[in-house]
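One chain is shown next in structure tokens, namely the form predicted alone.
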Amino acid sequence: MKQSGIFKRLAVCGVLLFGGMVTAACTPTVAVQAPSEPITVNLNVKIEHEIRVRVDKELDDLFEDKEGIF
């Protein structure tokens, strides 16, 4: 009776040890390394803008009459 209990404990320890070794062997490894060549980013960007300036005729005349106003 005592020998079978010892064998069961040894079997359980062996299974746990084997499981630990398998788990340690399957641990993923992540390595971060800077690239040796510079990173090149090509962007095609189209920027359009429109500026509208509207001055009433009276204000335009006022600015012409008083040149030093600003």
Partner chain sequence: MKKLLSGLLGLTLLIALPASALSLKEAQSKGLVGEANSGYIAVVQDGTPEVEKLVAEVNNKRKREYAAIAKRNNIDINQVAARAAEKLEARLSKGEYYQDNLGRWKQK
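Since the structure is predicted, the reported quantities are computational estimates derived from the model, not experimental observations. Residue numbers count along the first chain shown, from 1.
A second form of this protein, the form predicted together with its partner chain, is not displayed here; the remarks below concern that form.
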Original post:
Does residue 8 reach its partner chain in the predicted bound form if we count a contact as any heavy atom within 4.5 Å?
Top reply: no
Original post:
Heavy atom to heavy atom, is residue 46 within 4.5 Å of its partner chain in the predicted bound form?
Top reply: no
Subject >> Any non-hydrogen atom of residue 59 within 4.5 angstroms of its partner chain in the predicted bound form >> reply: yes
Subject >> residue 17 within 4.5 Å of its partner chain in the predicted bound form, heavy atoms >> reply: no
**OP:** Select from 42 to 59 the residues with a non-hydrogen atom within 4.5 Å of its partner chain in the predicted bound form and write them out in sequence order.
**Re:** 51, 52, 54, 55, 56, 58, 59
